[in-house]
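Only one chain comes next, encoded as structure tokens, the form predicted alone.
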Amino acid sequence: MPVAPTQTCLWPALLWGAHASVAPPEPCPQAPELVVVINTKNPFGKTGAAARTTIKQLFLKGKSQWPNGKVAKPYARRATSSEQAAFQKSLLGMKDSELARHWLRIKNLNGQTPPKAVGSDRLLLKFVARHEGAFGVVRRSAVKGNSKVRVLFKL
């Protein structure tokens, strides 16, 4: 019987119960916890829904400055990355086609372009550490020990 992709973690457990020669099942891999990070020099202190709303507005370029007047510098992840997919779904609430239409409209209205796409957590953290108004999404484990960025909220 074919196993559906969503059942990849279930089938070893089913086989293990029926056959002693099959190794015990390994736990299903957990998706990494993703967080939005900002520069530690950024005094932005809102939390919860207010923080999420501010990040969404800044990312989509509805606003260009943090509440303290510092210019916002949003960074995206590559469009094909799981980080960007989670950010779009969880925070922006937009599908790929909706986001593409948004950027086309913004480009036509005022010439702004989408945030720069960054391929790795390490590189994104480097950019956020360098610019006070920068922010982006990374795996929580990548932030450990980095004193130049702070977690604003988890996705």
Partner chain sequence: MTTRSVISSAIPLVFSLTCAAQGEPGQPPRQEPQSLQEQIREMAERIDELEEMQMETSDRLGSRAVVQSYTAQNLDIGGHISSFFSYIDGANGRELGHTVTLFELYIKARINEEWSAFVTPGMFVFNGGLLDDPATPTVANDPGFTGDNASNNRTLLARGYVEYNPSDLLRIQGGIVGGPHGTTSREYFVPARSIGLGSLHTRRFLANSLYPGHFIGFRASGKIELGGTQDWLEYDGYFGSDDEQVEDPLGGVRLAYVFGDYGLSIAGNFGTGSRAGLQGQATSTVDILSNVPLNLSPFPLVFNAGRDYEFAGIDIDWRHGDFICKTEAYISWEDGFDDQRAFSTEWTWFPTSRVGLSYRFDYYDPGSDMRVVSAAPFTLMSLPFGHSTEHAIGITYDPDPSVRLRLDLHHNNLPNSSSSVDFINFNWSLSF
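Positions refer to the first chain, counted from 1. All values derive from a computational prediction rather than experimental measurement.
Missing here is the form predicted in complex with the partner chain; even so, the following discussion is about that form.
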{"item": "Partner contact for Ser90 in the predicted bound form: the partner chain, 4.5 angstroms, heavy atom", "value": "no"}
{"item": "Close approach of Ser97 to the partner chain in the predicted bound form, 4.5 Å, heavy atom", "value": "yes"}
{"item": "Thr40, heavy atom within 4.5 angstroms of the partner chain in the predicted bound form", "value": "no"}
{"item": "Interface membership of Thr113, the partner chain in the predicted bound form, 4.5 Å heavy atom rule", "value": "yes"}
{"item": "Complete contact of Asn68, Arg140 and Lys144 with the partner chain in the predicted bound form (any heavy atom, 4.5 Å)", "value": "no"}
{"item": "Within 60-84, the residues that have a heavy atom no more than 4.5 Å from the partner chain in the predicted bound form", "value": "Gly62, Lys63, Ser64, Gln65, Val71, Arg78"}
